[in-house]
Structure formats: C-alpha cells, structure tokens
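Next up: the same protein chain in two forms, each one alone, written as structure tokens (structure 1, then structure 2).
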Structure 1
Amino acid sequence: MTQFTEETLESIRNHFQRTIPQLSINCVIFRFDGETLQVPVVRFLDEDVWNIPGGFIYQDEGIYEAAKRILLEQTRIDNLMLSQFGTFGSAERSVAKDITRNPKMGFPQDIIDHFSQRFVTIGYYSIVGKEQRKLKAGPFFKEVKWVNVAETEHLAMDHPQLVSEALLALRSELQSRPLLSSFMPETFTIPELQKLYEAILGRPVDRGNFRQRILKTKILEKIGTSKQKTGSRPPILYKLDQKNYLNSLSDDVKLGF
C-alpha cells in the first residue's frame, strides 16, 4: 500500500481546483526509429498500467496550450505542432476503472471520487524523428518509455483506441500533403523516407515510383553521399528544400500513395 504525504495529496487536490472538470487531453506522439512506429507511454505513481500521456486543462489556458504543456511535463518533448484527431466521451468513459481505484494505491476517497467521474478527452497527435529519444517523467509519474504501436493493446482505458484513431489521422494527413519536416532528421536518404511511409501506411510501397514522386516535388535538396558499411551502393543524402517545401504546402501538393 502506497502512502502519500499530505503535501502530495494537497498538490493533487489543488490541481483539480485549477482545471476544467471532467475534461482531459491525451497526446499520441509517434516516433519513427527507422523501422517501426512508437509512442511514449507513462506510468502513474506506483500503478502498473501504462497510459498515453494526458492531463487536464487549466482554467486560464487554451486547449492547444494545455496539450503542449502536458506533453512537455510528462515526457519533456517540446516544440511540436500538434493536431487534433478526435474527442472521445462515451457515458461510461472514466479514469478510475484502471487506476486510483486500485486498492494498493491507497488514495483517499475524495480523490477516488474525482477520478470516478465520467471524463471526456480531446486527442492530439504528432510525429517526431528518431533523434528524439530523451524522455523524462513529470511529477506524479514514475516512468516514461517508448513502446511500439503494435504493442499498445494493453494500455489503460480506451488508450489503445486513441492510438489507432491517431494513426488513422496521421495516415490521412500523409495522403494529403508531403509530410516530412517535423519527423525526419536534418539529413536523410530516400530509402529511409520510404521506410517511414511504409511504417505509417502499414504496407509496402514501390521503390522506384516512390523515388520518382518524391523527387518530382522538388522538396528535397541533394547534400552528398551517405557513408554506410552495408556493402551496397550508398544512398544519396538529402535535406529539405525549405522554400519549395513551404510552397508545396500552400500549393496543396499531394503525394498520394
């Protein structure tokens, strides 16, 4: 049985006081490590279920700012453009089923009651590159880690559903615009980019045609040749041509695979 100091409990109660009741935010952040998609998950205090990072909205902040703050606090991920993928609020949706009600946590009744309320959550998603690796747990959280999207079926509450809905939104965004800037490292190769597309779309993409379409957009700028030790022709290194990339966004350029 975990014991909380009165100070911790007061801090939690104070947080409730300052936030909008029965409304939460969850952030599904995809990270591509070169092979698979992963998302950060957090563990609350001594609980043993993992959660998508999430929290509550202060009375004096907008929901977008709240999403960025929560993400920063719980994972240390910063400077990211977030997009909404949906708001979820069935009548039965509550936090307490999975956490706090757990006897071993030993929460006082008023806090259990708070979490037993029905909660509506606003879902945001984004994507980062593999250079993003440092995660640091925030207050009230014991641990943060990356977990493969394929292994998210055991997350708390309806969080597995949040992950799949976010992935659908990401997929749909990928279809309608050249999605490159935020989640690729400074320089990258076309085969690397193709692997990202395949990870998001969940299916293989023809190599030659992928290259052709990407190059036709002129959003890539040749940098040099990558040096690798794979015993095959080294791929060309590219970086984003910022000017053409921004143009392509406003010109509604689609890659469409």
Structure 2
Amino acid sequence: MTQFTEETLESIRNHFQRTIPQLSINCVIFRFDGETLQVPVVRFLDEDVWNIPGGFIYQDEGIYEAAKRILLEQTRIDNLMLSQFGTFGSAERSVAKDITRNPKMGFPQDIIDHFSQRFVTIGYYSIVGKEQRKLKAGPFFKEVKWVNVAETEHLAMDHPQLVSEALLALRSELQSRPLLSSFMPETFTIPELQKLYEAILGRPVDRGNFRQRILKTKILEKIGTSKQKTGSRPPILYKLDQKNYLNSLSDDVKLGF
C-alpha cells in the first residue's frame, strides 16, 4: 500500500526520465552560529534517515544550475556561490540499504529500483552567514534542520565522508579565498573570530598567539567598543579591512596557528 497518489507517482517517474542516469549532486552548506560549525540536513518523508541536501541533474541544465536548484528546493537557501570539492563514486555507493530498511515509504518497485542504483555524486560547498537561520523543507521532505558538523557521522550512505571532504576544502581555502566575509557579521571581536577559526580547524588555538598574528596581518580595522554591558572592560570591535584582507590572500600570508 503506497502513501502516494497515482498523480504524484507519475510526477516522480517523469522527473526521473528528465535526469541524467546515475549522476547526482550533494551540497554541504556551512554556517557558524558563534560557537560551532553547522550544516543543514534533510529527512526524506517519514523515514528516519538524514542526508545532506542532494538530487538529480536534468538533461537540459548545467551541473552548477542543478546544484542551486536542488539546494533551493530542499532548504529554501538561495543566492550562494557554490564551489566543487570532489566527486564520489565508490562501487558500493547506493541508497538501497536505507530504502530496504524503511518499507513504510511505500514506493512501487520501479521507483525503488531507480533510487537503489549506484549514483556518482558531485559535491559542492558554500557558506551562509549567522543570520541565515530559516530553513524550509521542500516537497517530499519531512524536515530540514541545522546540525553541528561533529554530529554528522550518522548521516546516510557516504554523507559523513562528504561533510569531512567539504570541511577539508574549507580549511585549505581559508587563507586563499575571502571566506571570512561570508562567515562573520559586519563587526565582531577577536575572540569571536578566534572561535570561528577553532571551529573550522577542529582544535583550540592559543589566545595570545592568535591575537598577535591576526593583528599583524592588518586585515582588521578597529572601529570602537561594544555597547553590551559586561562586568569588565567592553570588548573592542573590529571589521574586516577589505583591501588588506584581499591582499593578504594573494600575498600568501601564513598565520601559523
């Protein structure tokens, strides 16, 4: 007994016919909430399986356009610059076990067979700012939510590996691309910036060493003190000096922490 109407099932079959066989896309989107690095994950219908947002590529669209469409459809996140971080095509790469484990999905056998094929997937990653909090699940998805990167080891298929590889790409490009501009608000303190670096690097950074080296780069511009009431001196606020920041990327500055 299926939970879907014939009209819905026919729409799914037509969708499959429009797509490139056995090729998919997955998107890892990072956000820093002030303490931890997070990514959105989606839950398909009523199954108790969480995935990185992903889907199939239409025959008449480019892979970059497909990635943006899939991300919008499944999370309502839009207008991001996406970067490829890898292609994943293990011979054992299939969602068949997850489908078999969840018979309550109620799909006809032909649709199950399509989902159960081996798919090679192209991985994209991007960044949203802290203010991007509202996620909305698209059709056929029960829920979408932010989870900490450290909590993604239980995702379906090889999606934990996708998150790990995207994080490696993020770390390697931290000093060659203007990623801080996407993560941080317009103004911030040095301790807040240090927390971002620690979240991305996955390890603590010495406070004094970080402050000394980050100020030495001259990528920060002091703009005043915070108006928040604290028991001690108000923290100093900074913003990125965009010219110096971009120069530091091209000059191959090594922070060394």
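The term rigid core refers to the most C-alpha atoms you can superpose between the two forms while keeping them within 1.5 Å. The shown structure was predicted, so the numbers you read here are calculated from the model rather than taken from an experiment. Residue numbering: sequential along structure 1, first residue numbered 1.
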Item checked: Structure number, where the criterion is the form predicted on its own -> 2
Checklist line | Shift of F30 between structures 1 and 2 at or above 2 Å (CA, core fit) | finding: no
Next item on the list: Using a rigid core alignment, state whether the CA of P191 is displaced by 2 Å or more between structures 1 and 2.
Entry: yes
Margin query: From C-alpha superpositions of the two rigid parts, what is the smaller part's rotation angle between structures 1 and 2, in degrees?
Written below: 11
Next item on the list: Give the C-alpha shift of L237 between structures 1 and 2, in Å, after superposing the two forms on their rigid core.
Entry: 3.9
Checklist line | Distance the CA of E221 travels between structures 1 and 2 [rigid core superposed, Å] | finding: 4.9
